[in-house]
Each structure stands twice: as structure tokens, then as C-alpha cells.
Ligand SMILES: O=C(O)CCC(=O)C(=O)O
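To begin, one chain is listed below as C-alpha cells, in the form predicted on its own.
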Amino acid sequence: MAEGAALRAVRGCLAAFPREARELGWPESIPYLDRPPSPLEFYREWVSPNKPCIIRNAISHWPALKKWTSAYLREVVGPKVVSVAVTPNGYADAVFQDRFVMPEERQMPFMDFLDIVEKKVTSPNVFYVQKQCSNLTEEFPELICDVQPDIPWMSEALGKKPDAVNFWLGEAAAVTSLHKDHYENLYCVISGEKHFLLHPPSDRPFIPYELYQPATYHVSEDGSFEIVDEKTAEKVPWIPLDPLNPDLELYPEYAQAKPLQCTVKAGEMLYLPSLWFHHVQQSHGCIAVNYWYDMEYDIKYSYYQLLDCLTKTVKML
């Protein structure tokens, strides 16, 4: 009886924690800043309290905002072979058929990729330049001069340079499934729009995680896709829930979550704090650059690790 009462008490605390955190710390909508902040202001008002914001006029001086047309990208990058994620359904790195399925990473001339995005060539599959690990500097160095190698006020605020600078371009059908990472993320939209659905880290008790066999999409000889298991790899913890169409019968706790949604337009920058859950959609042909700054593994990280461990343990009982 004592153990049962203790477990009920822990469940009650976990259920109440997200609501209390929202009341104390999280906004009801993503606020806008009309200018880039000073390093001290940004750290004090946004990084330290772990709050997102959208910043206007932070990248208005970038040549990329005017130069990065399809014609310009063809001229500058052109026939260069780059990495492109290819899926049958637009979901890369997502749960499908009880697997955590990664995209086929295809090497192809960039101009051929643009032909697909511009519908000059038809394909039943979905193509997305989304390789991370600093693909802007590694695969598209010709474009760095049109943006910046880092965001100076962010680098000063954190006392470090970004771990990675990533280039994103793809079709509207390409979707990033709900997940979180350990970076302070500055997401800069060059053209089009990005649509974000966000959950603060305190919503962890409402968000399901399961372990999945990792697998990869591969194109068969007849052009169809098959899912091939990565048999030697360990199982991957991932979120099976689609926040746009959640199965509340299977995951009833998610009904208590209150996601924030925002649209980041061309010329705007989203500050996405570390450990926030995010799901991303985009307009067709949207181009974006994001900067990943490694988070500080401080007491805040320890608190959220404790929340994660408690949530996992309670759901096992």
C-alpha cells in the first residue's frame, strides 16, 4: 500500500509539473524582438531562462536574402555533387512501421535536385537537402560568403562558436518529426516559411518515447522503396506521436500538453532553446540556415535529465 501511494504521489507531481512550469516560465505565444539583442541582454532574457523568441532585422544585411534565387544557386553550386535525403513519404528520421527509419542519403548533382524541387522533373519521392553536421561549411562553402560563419552576438553571449552551420532546402512534403536536441539553435529563414510546433522541456511527462529498431530506406531495382534494418545498431529512443494528428487513445497524456506554434518568415530568425521539442514543416522550396551552439551541461540540464528519468521509470511501473 505504501509503495502504491508513493507511486501515485510521484505520478501526480509529474502531471502537475508541466502546468506549474508554464505558469511560471513559458510564454503563451512566441514573442518577437524587433532587433537583435546585445549579448548580455540575450543571455539574461532568453538563453538563461530557456525561452524561445523570433528576432526580426537580425539578418537583413545578409546578401543571401536577395541573392539566393534558383538561378544563382544553379550558377554557384551547379553540377557539384551533394547529399540529399530521399524518402517515399517526406518523413526522414521518423517512426514508420514500428521502425526508426532514416532516409536514403543520395549523392546527386545539386542542379538535378533543383530540377526536382522546381518540378522540371517529376518524382514520386520526396527530396530534402537536410544533412546536418555543418553541411553549409562542408558541402556548400561557396555560399558562406552570403551569410555569416557565426552570429557574433550569440557567440559572445555563449563564449563559443557554433558546432555546426546547416543549410536546408526542400519540398513542402518534407517534415521533421517531433524531437529535441542539445543545442542552442538559431534558425534563419532565407526564403519561404518554416512552421514550428514547439513543446518546452517541462512537457516531457506528456510526450511518449519508445525504443525502435533503426532502419534505412533503400531504393529497390524497380524504383520502389524498401526498409532495411540496421541489424548491428542499438535501438533508438524516439517519439512515435504525430503532434498534428495525435492518437489520444494510444497516448492520452498528450491531451494535457499545450504546444506553441509559430511561423518564421523570410528574413526572420527563431531562437529555439536547447531541450525544446520541435516539429517542423515548410513552404515548398524554403531555404534556411541554422546555427547549432552546444548547450551548457549545467544544473538546468541535470534537472531535465531527472525529469526524463522519472518519467521513464514511472511509465515502466
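All residue numbers refer to positions in the sequence shown, first residue = 1. This one's a predicted model, so the numbers in the text were calculated from it and none came from an experiment.
We do not show the form predicted in complex with this ligand, though everything after this point is about it.
Peer 1: Just one of 97-105, 146-154, 172-180, 77-85 has residues with a heavy atom within 4.5 Å of this ligand in the predicted complex, so point it out.
Peer 2: Looking at the other structure, the answer is 172-180.
Peer 1: If the cut-off is 4.5 angstroms on heavy atoms, which of these, Asn125, Gln213, Ser191, Asn185, is the one near this ligand in the predicted complex?
Peer 2: Spelling it out, the residue with a heavy atom inside the cut-off is Asn185.
Peer 1: Looking at Trp292, Trp68, Trp26, Trp46, which has any heavy atom no more than 4.5 Å from this ligand in the predicted complex?
Peer 2: Looking at the other structure, the residue within range turns out to be Trp292.
Peer 1: Taking this ligand as it sits in the predicted complex, is Trp168 in contact with it (heavy atom to heavy atom, 4.5 Å or less)?
Peer 2: Trp168: yes, in contact with this ligand in the predicted complex.
Peer 1: Evaluate Ala64 for contact with this ligand in the predicted complex, applying a 4.5 angstroms cut-off between non-hydrogen atoms, and reply yes or no.
Peer 2: So Ala64 does not count as contacting this ligand.
Peer 1: Can you tell me whether Ile54 touches this ligand? I mean in the predicted complex, with a 4.5 angstroms heavy atom cut-off.
Peer 2: The answer is no: Ile54 has no heavy atom within 4.5 Å of this ligand.
Peer 1: Any chance Ile30 has a heavy atom within 4.5 Å of this ligand in the predicted complex?
Peer 2: No, no contact at 4.5 Å.
Peer 1: What residues, if any, in 256-287 have a non-hydrogen atom within 4.5 angstroms of this ligand in the predicted complex?
Peer 2: Contacts from 256-287: His278, Val280.
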